[in-house]
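Only one chain is shown below, in structure tokens, and it's the form predicted alone.
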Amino acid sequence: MVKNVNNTEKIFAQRMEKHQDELRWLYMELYGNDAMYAELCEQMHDYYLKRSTELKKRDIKKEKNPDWFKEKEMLGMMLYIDNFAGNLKGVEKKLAYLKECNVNCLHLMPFLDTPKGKSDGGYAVADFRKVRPDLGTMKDLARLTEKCHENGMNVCMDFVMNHTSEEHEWAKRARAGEGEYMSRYFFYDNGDIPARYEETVPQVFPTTAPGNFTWLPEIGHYVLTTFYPYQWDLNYRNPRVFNEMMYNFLFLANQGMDIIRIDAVPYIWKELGTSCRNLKEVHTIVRMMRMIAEIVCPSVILLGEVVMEPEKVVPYFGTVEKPECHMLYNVTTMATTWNSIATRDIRLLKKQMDIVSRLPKQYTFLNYLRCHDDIGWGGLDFDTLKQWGMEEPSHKRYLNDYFTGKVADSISRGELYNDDPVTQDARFCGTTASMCGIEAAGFEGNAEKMQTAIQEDLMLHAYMLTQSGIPMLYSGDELGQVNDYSYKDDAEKASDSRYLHRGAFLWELADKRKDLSTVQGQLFQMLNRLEQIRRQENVFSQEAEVYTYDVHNDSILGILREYKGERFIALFNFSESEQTAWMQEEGIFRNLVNGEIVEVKDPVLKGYEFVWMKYKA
């Protein structure tokens, strides 16, 4: 027993020694507080000792393979616990289904305790140490992560560190006038400083939550609320805030998390006279988080939610010597993908993919078609689009009209989010299936349109699986689940159109997944086939060289992957009409989907058709 304890202490000491000089330097640079730094180190040691034996073994195993999350076998799925299976115990009972979906990275959408009616989908946390009662307990969470690990699955959760709910204990005590807790937020007793902030800080939700401050008449103060009035921004200038949030981070890591998604990363440091976005202190905080995790729980990796264009996203990876996030969302590529569908023009997408492909291979992106949030068009490269005759205001209107089905040739259905009548700017909501036309075709009972919609859906998923990085499915997409308009009947959700694509998982659709005569069967079985191919073929390795492949047709995206002498070409028709891919070469290829050996020369692709083919030497 003594030997084990000594070995445990030795491991911690070695990890601490590796990072302590930089960690202390950064902490003192930011806070200049020896006592608070000493407390942080003591608490890190305490959380390490509290970490279970199994999680410590997991740490050691993953330390030996630090790039485990980059393996081509990785496939994620994000889901809401209540929508999917009622509660945490229900999810545990559905692990067999998730394994059938080839999922080995389960992203549980926010599940910590939030006030009913003021939760922002779970992102207004009232207690970082408590699961929402209707979903279960921390004990249920730890049991679920243990069962996931036994089934070869990693578990991801959201860590909301920019703000708390106004119902959090700190906020309640701040509202009661306790100075120590008021200093954990941004309080002002008059409007002078808030007005100065408003001069330079953009609004996140100009329609549903205009402005960045909320007036609290009961205490005569303004409080900073970047997102919603009931979400109070934390003041990371206060070392007590940083320390306590790191203790929450380690507590949650000790429940068995493998990936912790840092919500709203760019916002966590505020500076008067700036946009309060992407400030250098943010990178100091994320770098310290990375080191704290590598000391206490090195099997845990950081996924940064940075919803910005590439040049602002890349710094959140840090450097090779001083890394920050392990993974980031490929947000701009996602938005540009849907732009390509609406325009039948892949030029901007090709340019975007060229930018990503030129980045160092250690940068890992999480790729997705849809997530829990809306789709915003702000990240599109409008300078380039303008050169092609697409002006920003009118093009945004076109995209929103296309995806809401207002354009004559559109098969998409959905709704706008934060539609601003002044700027005429808006974001879009809808499931992948509804955006691809499955909802419209089903409503019309049009079999031909349904096949077109299914083909578009599959083409987009095949394209996502072809990209380098980790593919992430949105729960229900594997079955073509369409928009759920019932949110309008719920007073707590009716004002938030994002609930359109946050509907309950329909298990009756899952029952049809093996029947190829159904929409669900066609989607599920082909996705399964594509996922299996991705796992089996070495060309999908993270180490592969990836390029776009020009076929001299603005409606067809070509992607070339090369790895250890193997050559793979994928073609994707982003148009509903037949298109020719004018190839730069001829050759004998094997179609990876159906196994056919074919001679390729200027292939013709049907509407929304895709081809995965490997060069046969």
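The numbering used is simple: start at 1 and walk along the sequence shown. All values derive from a computational prediction rather than experimental measurement.
One more form of this protein exists, namely the form predicted together with a small molecule; it is left out here, but the text below deals with it.
Enquirer: Should H372 be classed as touching the small molecule in the model of the complex when contacts are defined as heavy atoms within 4.5 Å?
Expert: Yes, H372 sits close enough to the small molecule in the model of the complex that at least one of its heavy atoms falls within 4.5 Å.
Enquirer: Would T432 sit within 4.5 Å of the small molecule in the model of the complex, counting heavy atoms only?
Expert: No, T432 is distant from the partner.
Enquirer: Is there a non-hydrogen atom of Y547 within 4.5 angstroms of a non-hydrogen atom of the small molecule in the model of the complex?
Expert: No, no contact at 4.5 Å.
Enquirer: If we define contact as a non-hydrogen atom of the residue within 4.5 angstroms of the partner, is V160 a contact of the small molecule in the model of the complex?
Expert: V160: contacts the small molecule in the model of the complex.
Enquirer: Just one of 226-234, 402-410, 342-350, 169-177 has residues with a heavy atom within 4.5 Å of the small molecule in the model of the complex, so point it out.
Expert: Of the options, only 226-234 has residues within 4.5 Å of the partner.
Enquirer: Verify the flagged residues A264, E305 and R498 against the small molecule in the model of the complex: is each one within 4.5 Å by a non-hydrogen atom?
Expert: Every residue of the candidate spot has a heavy atom within 4.5 Å of the small molecule in the model of the complex.
Enquirer: Looking at D120, D425, D140, D477 here, can you tell me which has any non-hydrogen atom within 4.5 angstroms of the small molecule in the model of the complex?
Expert: By the 4.5 Å criterion, the partner-contacting residue is D120.
Enquirer: Which one of F205, Y398, F505, Y188 is close to the small molecule in the model of the complex, taking close to mean a heavy atom within 4.5 Å?
Expert: Exactly one listed residue reaches within 4.5 Å, namely F205.
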